[in-house]
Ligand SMILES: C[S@@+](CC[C@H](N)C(=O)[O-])C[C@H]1O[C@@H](n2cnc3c(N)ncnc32)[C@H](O)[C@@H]1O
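Only one chain is given next, in structure tokens, and it is the form predicted on its own.
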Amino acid sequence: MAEAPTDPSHPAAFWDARYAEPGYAYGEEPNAWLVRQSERLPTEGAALVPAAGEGRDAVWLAQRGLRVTAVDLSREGLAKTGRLAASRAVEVETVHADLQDWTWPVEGVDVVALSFVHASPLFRAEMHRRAAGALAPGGLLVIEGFHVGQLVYREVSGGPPRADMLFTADLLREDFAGLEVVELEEAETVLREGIYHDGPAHVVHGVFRKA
């Protein structure tokens, strides 16, 4: 899942190198916050996973019966997504693209899952606008990311090195102002998501619905 490289001038190379490592950098199981939304999420329709990484969320959504599109700028990550999907006997459409250049769907998906997707501050609000715009009426956007307080825990459980790439609940409320807030909170938690998200963390997570 894309948080942010230390050197943001070469993001594809950073993520290709990380995902080329043995195993799955953030584990094979889906984001825990996404799983907690199981009763809210549909079991049919279309789902979009931007910055899908190695595919853990995309594959889980496909296992629930959704038609899933996983977008990432790392070919290594998408290759692992394909292998994980095959091992779980599901199909995931993979798209190799930079989210800044990609043509996002408009009112075309029922679920958007954003797990630790920390874009540059120049693109963050626009990315969130496009993610919200991708939702069909009644669609849900599920998001979890690092709070600005994560800088204290960064050496333990990961995240971008810059405060302006991190979140607060108010920031997400503003970015997704056109959506209904179903749930939104800042929380201290313990991540167990592969070797790079392992330990205490300060996060913001939410669920938003399009009217």
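Quick note: we count residues from 1 along the sequence shown, nothing fancier. All values derive from a computational prediction rather than experimental measurement.
Just so it is clear, the following notes concern the form predicted in complex with the named molecule, a form of the same protein that is not shown.
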Select, from the options 62-70, 181-189, 47-55, 168-176, the stretch whose residues sit within 4.5 angstroms of the named molecule in the predicted complex by heavy atom distance. 47-55
Do A85 and the named molecule come within 4.5 Å of each other in the predicted complex, heavy atoms counted? no
Applying a 4.5 Å heavy atom distance criterion, does V117 contact the named molecule in the predicted complex? yes
Does the 4.5 Å heavy atom contact test between L99 and the named molecule in the predicted complex come out positive? yes
S74, heavy atom within 4.5 angstroms of the named molecule in the predicted complex: yes
